[in-house]
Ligand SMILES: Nc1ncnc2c1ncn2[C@@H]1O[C@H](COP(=O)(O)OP(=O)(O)O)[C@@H](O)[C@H]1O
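Quick heads-up: it's one chain on its own, the form predicted on its own, in structure tokens.
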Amino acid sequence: MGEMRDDLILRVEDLTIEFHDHDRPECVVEGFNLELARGEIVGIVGESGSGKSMSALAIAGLLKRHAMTRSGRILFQGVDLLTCSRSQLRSYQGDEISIVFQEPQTSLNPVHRIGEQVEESLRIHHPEVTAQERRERALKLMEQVGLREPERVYRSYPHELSGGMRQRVMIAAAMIGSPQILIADEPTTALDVTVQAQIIELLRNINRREGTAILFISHDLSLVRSLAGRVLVMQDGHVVEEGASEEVFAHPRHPYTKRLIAAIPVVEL
């Protein structure tokens, strides 16, 4: 493969992930390719078990290195995240590449206050930032992600917040290090439709304001269409279709994509 184009921030080449915890190796992702340019929003869509979340975890460097084999390359700024040292990988995690999960309840620590958790990656990756600066940045970000009364939320514990507020907290925590890539893995699934729309709008604003590239993972094709300029459709570990969101939506080529589109409920106004 040639050098990375200047505008590319991430290139995944032929990523294959196999688990070895059963009698026979189980291939969960095969031959996955992705190019993500600076400031671009790309959606990966597919049903449960399609390999989309596994691909996202690999890019975020969160796959455990035992009980599985991985081949291919995940190039971030020219560094292969699959083969680089653990310390180099850790230097990117949560700082240059951040991830937001579906259920913030499991990602947030119930015994720590929200402010402390929002500031965590700044504390780890940027020890030169003073406690006062961390607090100011956390409060400003919490306001930007639409948390009213950030001072009160800062002092709260996770159980004192609604699901939508917890998801906003997770997005603030993911953005505090000004990452170049934000991976959002089903970030709205547990939320009601109104809050879902607000979170999508929030991600769009982050992309516009900060120029953060976003990888948006979802089983919901209509959500992906509303946010991402480009979409990859995954089925059984393979990318079966790829293209501009509107193009894929208007002229789906693969039977699986056609089925996903047919399943979208039509809302009569």
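Quick caveat: nothing in here was measured; it's all calculated off a predicted structure. One rule holds for the numbers: they count along the sequence shown, beginning at 1.
The same protein has a further form, the form predicted together with this ligand, not shown here; the description that follows concerns it.
Asker: Can you say which of 224-232, 31-39, 45-53, 207-215 gets within 4.5 Å of this ligand in the predicted complex, counting heavy atoms only?
Answerer: Heavy atoms within 4.5 Å of this ligand in the predicted complex occur in 45-53.
Asker: Hey, in the predicted complex, is Glu26 touching this ligand, heavy atoms inside 4.5 Å?
Answerer: It does: once this ligand is placed as it appears in the predicted complex, Glu26 has a heavy atom within 4.5 Å of it.
Asker: So, in the predicted complex, is Asp21 in contact with this ligand at a 4.5 angstroms heavy atom limit?
Answerer: Yes, contact at 4.5 Å.
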